[in-house]
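Only one chain comes next, encoded as structure tokens, the form predicted alone.
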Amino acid sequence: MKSKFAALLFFVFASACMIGHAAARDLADIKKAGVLRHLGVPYANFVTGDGQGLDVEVMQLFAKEIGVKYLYVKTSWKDVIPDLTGKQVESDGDNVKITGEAPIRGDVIANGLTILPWRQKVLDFSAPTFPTQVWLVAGPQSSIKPIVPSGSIDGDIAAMKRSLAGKKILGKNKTCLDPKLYFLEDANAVTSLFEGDLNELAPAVISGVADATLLDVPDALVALDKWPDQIKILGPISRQQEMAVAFSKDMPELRQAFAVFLKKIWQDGTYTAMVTKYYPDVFGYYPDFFTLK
């Protein structure tokens, strides 16, 4: 009896391990299962956390396009890549290393994920879906003054960095707002890694936690809409970047199906209408990005 019980326990444990560390599902597997699992971190207006958001609507429409149900799987910036790839990763600048395994919980990442060199080593990205850039943003009490635009993005970045000596600047590790990516310490800035959510960075500088914070364009646009008289855009810290939907590297068929879908909704105006709903002001900052491709 004991041997049968032990064998049963081993079977249950082994089955759980196989499920937890199963290979990523490609398009045929997703269609067979009948559901697309959308990994999303609540962030800006891409995933609002209440069933709304630009990327939520895009993924819902994509699931319908491939004939399956849609399932939102909430995750975090720390876990989102392991949840997709089954691999724990550690980034260091443009480099990345695999540090262990993790359960696979979803099929696609869509939450305003910036394309970064280290992420490209562990993920495959769709065509760019949204323009972005890292700006320095401050509260009304900050002594840092906005730069005077020079007409040169590199000149503007250099001017912005020259004003940061001795200033406390917030950033977020393992995201596109990691201060290491922009060499702020070389500008003698005092960088601090924020422990809260990205959505809390703007309120933090409004309350005086730091002199300024790194914010990317989508979150800055949301912050400007929420607190128009309480934050100020100081200037750029990066050149223009791009966001996209991310796939595991062993999911080429799903990525190709999304490429066809994205081109379709881009050309028929569906995507522009979605962007207008959640980010109406972005067209004024990046008018060329949303032209037909």
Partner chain sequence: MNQPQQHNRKIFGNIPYVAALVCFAALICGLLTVNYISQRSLQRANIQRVQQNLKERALTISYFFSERQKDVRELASSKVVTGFFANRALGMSMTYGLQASLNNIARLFERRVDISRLGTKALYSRLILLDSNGQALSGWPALDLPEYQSIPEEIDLKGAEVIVDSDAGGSVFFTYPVLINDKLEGYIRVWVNYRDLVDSLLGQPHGGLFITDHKRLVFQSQQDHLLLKSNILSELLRTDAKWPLELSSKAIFEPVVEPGQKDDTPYLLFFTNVPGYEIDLFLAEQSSVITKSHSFYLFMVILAILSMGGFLVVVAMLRANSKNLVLETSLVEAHKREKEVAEKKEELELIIEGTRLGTWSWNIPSGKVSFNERWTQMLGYELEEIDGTVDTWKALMHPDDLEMVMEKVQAHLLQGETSIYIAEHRLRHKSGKWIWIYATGKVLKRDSAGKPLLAIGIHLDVTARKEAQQELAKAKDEADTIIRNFLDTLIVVQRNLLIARVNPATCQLLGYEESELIGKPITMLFHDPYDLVKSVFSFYEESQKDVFNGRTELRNIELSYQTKDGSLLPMSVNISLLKDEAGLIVGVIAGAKDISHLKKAMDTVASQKEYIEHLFDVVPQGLITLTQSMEIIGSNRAFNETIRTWSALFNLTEQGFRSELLGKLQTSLKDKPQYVFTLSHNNISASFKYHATSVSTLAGIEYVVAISDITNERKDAAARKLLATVIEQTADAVVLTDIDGTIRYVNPATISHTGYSEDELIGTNPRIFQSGLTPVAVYKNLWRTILSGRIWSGQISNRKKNGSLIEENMTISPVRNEDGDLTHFVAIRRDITATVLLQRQLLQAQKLEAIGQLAAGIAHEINTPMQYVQNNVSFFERAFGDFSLLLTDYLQLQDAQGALLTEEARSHLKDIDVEFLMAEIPDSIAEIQEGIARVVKIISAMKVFSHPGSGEKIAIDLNRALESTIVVTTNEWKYVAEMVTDLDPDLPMVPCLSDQLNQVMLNLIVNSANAIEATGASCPDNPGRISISTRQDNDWVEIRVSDTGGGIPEALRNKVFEPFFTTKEVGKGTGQGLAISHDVVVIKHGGTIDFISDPGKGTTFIIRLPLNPVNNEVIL
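Keep in mind the model is a prediction, meaning the values are calculated, not measured. Residue numbers count along the first chain shown, from 1.
This protein has a second form, the form predicted together with its partner chain, left out of what is shown; the following refers to that one.
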### Query
Closest heavy atom of I265 to its partner chain in the predicted complex, within 4.5 Å or not?
no
### Task
Considering only heavy atoms, tell me if K232 and its partner chain come within 4.5 Å of each other in the predicted complex.
yes
### Query
Heavy atoms within 4.5 Å of its partner chain in the predicted complex: does K180 have any?
no
### Message
Given that its partner chain is not shown alongside this chain, does L221 nevertheless sit within 4.5 Å of it in the predicted complex, heavy atom to heavy atom?
### Response
yes
#### Entry: Heavy atom within 4.5 Å of its partner chain in the predicted complex - the one residue of F194, W118, F125, W135 that qualifies
W135
### Task
State yes only if every one of P146, D156 and D225 has a non-hydrogen atom within 4.5 Å of its partner chain in the predicted complex; otherwise state no.
yes
### Proximity to its partner chain in the predicted complex (heavy atom, within 4.5 Å), stretch among 256 to 264, 61 to 69, 232 to 240, 34 to 42
232 to 240
